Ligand SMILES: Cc1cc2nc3c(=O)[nH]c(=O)nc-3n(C[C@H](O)[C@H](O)[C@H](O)COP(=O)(O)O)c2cc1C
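The chain below stands alone, shown as structure tokens; this is the form predicted on its own.
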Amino acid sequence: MIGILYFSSTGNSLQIAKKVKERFCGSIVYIPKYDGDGSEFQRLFIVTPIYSFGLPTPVFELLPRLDKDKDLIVIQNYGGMIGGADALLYDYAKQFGLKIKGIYTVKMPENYTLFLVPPKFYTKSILKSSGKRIDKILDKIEKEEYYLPKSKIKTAKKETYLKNKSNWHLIGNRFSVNDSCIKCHKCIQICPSNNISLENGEIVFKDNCIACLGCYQRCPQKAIVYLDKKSKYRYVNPNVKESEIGKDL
């Protein structure tokens, strides 16, 4: 059986993971809740977004413990630029002797919208064509047309990513809830780093944030705000069921 290990906060990676399952069968596994090494699977897929031209924390922490004897294929998705994230991942995987066969990148809607909100028509256009882009990648994998980055990651880019990653936790304390909050606990339940809690009847954001924005984007009341900004824009991939994000399927 194929293991399709994914990380997703708003559904982009889950859409890809579900397409992988449709094509190759297998089990979809949510990385933050997975403590295995992939040895129970015949081969592995990892589906992940690109964060700061690199890997989200849960994926960064997963790779070192993966079974080195399993064929590994990675599909990265991005909203802005790749920025050498594929080369960084390849370099990182080789450090641990992983048997990585291919790394592919696919554009998906931008979901890091704290500072910049993309036009709605642009997001709809990206979503409309996303299925075809994913299928093209899966066609290549099915034909064993594997792709790996030819260029090496530049030291400066690697250092920038590691610096950004080390600072992600700082944004946690910049979130708060407004009067629309109904204490439904959803943000607490979906947070992959256990960064949110209910203390003395109040929602509290701590300093273990991994900058996924799942709480911000998926709050049913849009009650979570960043630096007290009043933006009403929120993004959740409409091609998946919101309730499935963060679940094994």
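Residues carry their position along the shown sequence, with the first being 1. Nothing here was measured: the structure is a model prediction, and the numbers come from that model.
The same protein also exists as the form predicted in complex with this ligand; that form is not shown, yet it is the one meant from here on.
- Interface residue remark: Asp71 is not counted as part of the site for this ligand in the predicted bound form, having no heavy atom within 4.5 Å.
- Contact annotation: Pro118 falls outside 4.5 Å of this ligand in the predicted bound form, judged by heavy atom distances.
- This ligand in the predicted bound form is not approached by Tyr147, whose heavy atoms all lie more than 4.5 angstroms from it.
- Heavy atoms of Gly102 never reach within 4.5 Å of this ligand in the predicted bound form, leaving it off the interface.
- Of the stretches 179 to 187, 33 to 41, 48 to 56, 194 to 202, only 48 to 56 has residues with a heavy atom within 4.5 Å of this ligand in the predicted bound form.
- In summary, among the residues Ala156, Leu162, Leu170, Met81, the only one with a non-hydrogen atom within 4.5 Å of this ligand in the predicted bound form is Met81.
- Among Ala211, Val29, Leu66, Cys219, the residue placing a heavy atom within 4.5 Å of this ligand in the predicted bound form is Ala211.
- Residues Met108, Pro109, Glu110, Asn111, Tyr112 are the members of 90 to 125 with a non-hydrogen atom no more than 4.5 angstroms from this ligand in the predicted bound form.
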